[in-house]
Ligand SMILES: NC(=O)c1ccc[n+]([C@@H]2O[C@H](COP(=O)([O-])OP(=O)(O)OC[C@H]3O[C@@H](n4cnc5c(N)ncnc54)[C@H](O)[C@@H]3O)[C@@H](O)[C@H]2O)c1
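Below, in structure tokens: the form predicted alone, a single chain.
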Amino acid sequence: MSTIRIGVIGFGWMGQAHSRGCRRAPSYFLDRDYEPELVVVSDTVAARRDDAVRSFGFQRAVTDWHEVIDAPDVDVVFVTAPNMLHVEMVEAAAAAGKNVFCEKPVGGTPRQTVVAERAARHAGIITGVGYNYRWAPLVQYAKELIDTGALGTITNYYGRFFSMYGSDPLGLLSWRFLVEQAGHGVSTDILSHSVDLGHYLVGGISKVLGTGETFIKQRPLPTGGGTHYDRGKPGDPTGEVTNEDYIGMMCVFENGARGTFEACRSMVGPESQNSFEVYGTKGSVAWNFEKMNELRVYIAAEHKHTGFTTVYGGDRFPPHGNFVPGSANSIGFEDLICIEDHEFLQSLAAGRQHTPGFTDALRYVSVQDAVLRSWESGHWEDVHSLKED
């Protein structure tokens, strides 16, 4: 069994989630081929560094992220820092020969992701990227239904990620709303999850017609820090939002299916509605992360003219049963992170390139690039791979 020595850069929400995921995985996956060891974490906040050692079991915590990459006792680096720092960190890890798991987005812009993917590929390291929704057991079951032909030929796909995190006009103008600090808006942030699910379930996308909008154009300026969840007051000084709140696109998949995708951070109502609907000649499936332990299934041979059947998550859909037995006993978001981390660590132990990895991130930003071009041109645009030799 391989011992995999882990370093984490950035100990905010996702850094903590992946640290918990790696630490929890051995108790849920008894037949694993690895033993995780939490070695070192970097963060600029002293309290987080203290918590990493005291509560999470890291051997040490440092301020400078370079120390994580340069550490001789680290095999893999988890990059969970702010978006626009990812590429520099990935390039440094690749140069040091360290394997990398990077939270999405790998780059805040398509170009940055291209640079990161090229550096990792040339270094020959194993990469992973945080498209964690793939690992929901009922998403895996939907994939099985599609791949086995139970839905027939896929003709239509609708994917969306609607969230309210930017719906408050008094939400502070944090880095997330600034193109120079976050990269693009929802096309970088949450559309990537939606399109990745489309890629995973149906396949590649050949051309797109896109549009976008920034609905909340001014936000209160932060004073002394603050996140996009913090609020200013009426009358506070404001600044300009420089990336988009909304992206919508029609598309043609490489297999001929037609699709529609939307992502928005400023609408009121949906809290975390990452969802898809897949329609085929023999049936269809629909899933919504807000009800992640339910899958709506319609198989014409079984249910013709009777409507959808709700299938509940349970131990018949691996690895749901690793976390809780029976049926309709729910698992949650951080269980998906744990599954994701386990699968990545298994890939490391086997010495094989992981999926989803930087190749999948590059595949997405090639679509993103076409969407942004289409928004500007007002016309259909072909999707071209941005891969550089």
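Numbering starts at 1 and runs along the sequence shown. All of these numbers come straight from a predicted model, not from anything done at the bench.
Beyond the structure shown, there is the form predicted together with the named molecule, which is absent from this document and is the topic of what follows.
Though the partner is left out of this view, R265 does not reach within 4.5 Å of the named molecule in the model of the complex, counting heavy atoms only. In the model of the complex, the named molecule sits within 4.5 Å of a heavy atom of F11. When the named molecule is considered in the model of the complex, H193 lines it closely, a heavy atom lying within 4.5 Å. The named molecule in the model of the complex comes within 4.5 Å of no heavy atom belonging to A47. Relative to the named molecule in the model of the complex, residues H86, K104 and F333 are all within 4.5 Å by at least one heavy atom. Residues with any non-hydrogen atom within 4.5 angstroms of the named molecule in the model of the complex fall in just one of 206-214, 151-159, 132-140, 230-238: 132-140. Residue-level contacts in the model of the complex: of T80, N99, N293, S275, one residue has a heavy atom within 4.5 Å of the named molecule, and it is T80. This chain appears without its partner; in the model of the complex, the one residue of W175, Y298, Y279, Y312 with a heavy atom within 4.5 Å of the named molecule is W175.
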